[in-house]
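Before any questions on binding or motion, here is one chain by itself as structure tokens, the form predicted on its own.
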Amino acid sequence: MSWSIGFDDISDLARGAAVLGTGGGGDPYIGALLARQAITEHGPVTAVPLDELDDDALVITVGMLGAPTVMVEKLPTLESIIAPVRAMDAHLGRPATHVACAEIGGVNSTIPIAAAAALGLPLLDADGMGRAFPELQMVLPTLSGISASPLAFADEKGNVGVVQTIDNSWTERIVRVSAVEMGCSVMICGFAMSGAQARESLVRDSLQRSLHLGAGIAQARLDKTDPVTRAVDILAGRELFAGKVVDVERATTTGFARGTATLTGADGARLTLRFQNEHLIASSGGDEVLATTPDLIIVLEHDTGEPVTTEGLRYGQRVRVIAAPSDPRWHSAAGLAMVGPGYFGYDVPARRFDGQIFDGQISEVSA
């Protein structure tokens, strides 16, 4: 059944989506500001479950592409968010009927809310990943053969472009270069798909899951129980480590925020996190890999359970690191080839959230 996203839902939804964003997806605070502004000016957004979507609907994804470290300083406007949608409507020759999130994480879970409110369109209760990944082609619709292009992009200065590419990896390459020239952060609109394709390829109920997760963390604090444990329970994951951030090496290169963070625990144990916008690898001081992409590696503030993004990691922070399962389709052979540790240059097998090594030899798994 359809439901409404109002002003008061944004805090919990943004918090939950930032947890699922595994450190990436952009600053949830900025996205929440944009969503609240849009709802204040245009009214609540109707969230539509996939099962209520007509086959001939025209669904488009809306979000930000670029380095999250840059977006903290270069704030987007509502005009820049809807500009690529207008360009896409003109290119396709018909207006979109629904907006969707390409990923559920950070700002890219709340920018679509702002877009849906400003455009007066319903928002699908679904997303393309069930988490966040750093590159544009890394969505489940790619595994289903859905093209990212035509893809429209726009910056805050008013520049707008539309690309038509031979595959989704080329869309990523071309738009990433454009984003660097446009200030390392652009608003995008793409992955035009029918209602039938959306039902097949997207992750169901991800907005409701974010809302439930964010509200659960907040309620645990009110109940004076452990909010991190509450998050682990909701995600059916496990806690990997608790300690203090003692070193962060981070650089914005080729449009990504890349780096490592080192944590030490009370007993001298160490944990290293490697990230490219999102956390990709968690390993112990002895270089034992504890968890890898595509499963979720999440950093939460030690006592409050608030999610900490990769651009928000600072020396001296007390945090806890948890791991949780990703959508099972990411553990197909094709999924691991696209988002497994090998794609990012790490010569290690994919290790599940529970420590098991996974070689991707299972057959394709449906959602």
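Keep in mind that this is a model prediction, so the values were computed, not measured. In this text, residue numbers run from 1 along the sequence as written.
The discussion below concerns the form predicted in complex with a further copy of the same chain, not included here.
Asks: When the contact criterion is heavy atoms within 4.5 Å, does Val177 count as touching a further copy of the same chain in the model of the complex?
Replies: Yes.
Asks: Could you confirm whether Ile166 comes within 4.5 Å of a further copy of the same chain in the model of the complex, counting heavy atoms only?
Replies: Yes - in the model of the complex, heavy atoms of Ile166 and a further copy of the same chain come within 4.5 Å of each other.
Asks: Trp170 versus a further copy of the same chain, in the model of the complex: is there a non-hydrogen atom within 4.5 Å?
Replies: Trp170: contacts a further copy of the same chain in the model of the complex.
Asks: Is there a heavy atom of Arg250 lying 4.5 Å or less from a heavy atom of a further copy of the same chain in the model of the complex?
Replies: No.
Asks: Please pick, from Glu79, Glu288, Glu181, Asp223, the one residue with any non-hydrogen atom lying within 4.5 angstroms of a further copy of the same chain in the model of the complex.
Replies: Residue within 4.5 Å of the partner: Glu181.
Asks: Heavy atom within 4.5 Å of a further copy of the same chain in the model of the complex: which of Ile234, Val162, Leu143, Ala218 fits that? Just give me the one.
Replies: By the 4.5 Å heavy-atom cutoff, the listed residue in contact is Val162.
Asks: Based on heavy atom distances of at most 4.5 Å to a further copy of the same chain in the model of the complex, which listed stretch, 151-159, 209-217, 242-250, 275-283, is the contact stretch?
Replies: One stretch meets the cut-off, namely 151-159.
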